[in-house]
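Take a look at this single chain, the form predicted on its own, given in structure tokens.
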Amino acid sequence: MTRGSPYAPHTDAETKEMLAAVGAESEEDLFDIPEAVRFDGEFGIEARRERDVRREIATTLAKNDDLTEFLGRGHHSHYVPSLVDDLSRRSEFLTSYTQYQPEITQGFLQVLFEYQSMLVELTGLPVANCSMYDDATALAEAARLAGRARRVSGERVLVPEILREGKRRVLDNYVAGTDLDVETYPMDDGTVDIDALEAQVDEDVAMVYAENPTVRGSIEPRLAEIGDISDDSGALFCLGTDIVALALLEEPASVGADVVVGEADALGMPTSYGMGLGLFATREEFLRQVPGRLVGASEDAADKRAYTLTLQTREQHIRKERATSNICTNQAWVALRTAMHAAYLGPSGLVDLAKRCVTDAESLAAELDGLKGVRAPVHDGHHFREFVVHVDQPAKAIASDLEAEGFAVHVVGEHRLQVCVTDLNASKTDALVSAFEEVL
């Protein structure tokens, strides 16, 4: 046996035969690794005692700024009960990859089925998958679904002009290999300009995307009209939201949404600065077009309820030309944590949390609005978690001064900041207001 991975146990004879087939003398000949980065068998790291290493790491981490974050724009955190950490770190959950072997992963599969069921209840749509990477990939997959299952011959995808930059870039990347074209429609005071959208939608539009709440935290008041405009032209209506907002705001199915996408990691996860959990729900007619994975319930040989991955339409499972997605992994463990957190809160607890997202934002905006040189919120109407603040002084200078006072906020314009409040930083809102007053 050659030395190497136990998962590729080739014999010396097999290895020699394969090398001969490709015209190489050794395995090293298969790789062109520059000498400067080639591993020579030594790491060049001085051996030290564990205590010394821990002390040095602690010293380095202590140099990080200790900021209270009032940041949002698609990345939101709520208090995660210790129960979620304790249960999700059980070895049978933490070490699991994809639940291809249902005979040994019934527990994990059941949790994912419950996660899907929660999304079905919250969205009002009958089909939900068991996770996407994040809200950006979920939106992109929705656009490709619209392209495959389009009711019209059009190829235009309409998105709001105010959209998180990263989300738009992911969408553009996903549709680059299709005949879909992404265009924007105007916003009016932070929400959809209905008249402008109606004038822009015709039979060439495959999908209309709107958000509730928007990236600026505004609650969209005319979702049903957007749904009607989309339906009248034959376009799919895709609604972006998040799992906490779904507990309080209008049910997507009731306003005509065909697909619902968004972030679900607002529950179960702290702010992870990049890693997320995308939710994806849709109508029964698009079941065969759903990307990612679906967990289904059935019965085993003993007539007992059993769970398994079903209707798998990824390119590694079926013919490539018939695949609906090339997404090659999922966020199962994050979805598991989200389901645990949602179950812990229960229906009433989830609604209470969502109500706080409205009232806390309203209270903080009112306090900031009372300061000289500040107007908040910039956009009229109700807000969810976050809102835009106008400052008479340059926004970058104010944000920098606030950072020196220990607070982080978004800069979204020359004289505009964006502030997000959740149950994690609500206790620091008085201090934030005082810091604003100090730096103005």
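As the structure is a computational prediction, the values presented were derived from the model and not from experiment. When you see a residue number, it is the position in the sequence shown, counting from 1.
What comes next is about the form predicted in complex with a further copy of the same chain, which does not appear here.
The closest heavy atom approach of residue 81 to a further copy of the same chain in the model of the complex falls within 4.5 Å. Using a 4.5 angstroms threshold between heavy atoms, residue 392 stays clear of a further copy of the same chain in the model of the complex. In the model of the complex, a further copy of the same chain sits beyond 4.5 Å of every heavy atom of residue 414.
For residue 372, no non-hydrogen atom is located within 4.5 Å of a further copy of the same chain in the model of the complex, even though that partner is not displayed.
Contact with a further copy of the same chain in the model of the complex, judged as any non-hydrogen atom within 4.5 angstroms, is confined among 85-93, 229-237, 196-204, 154-162 to 85-93. Although a further copy of the same chain is not shown here, in the model of the complex the stretch 368-382 places no heavy atom of any residue within 4.5 Å of it.
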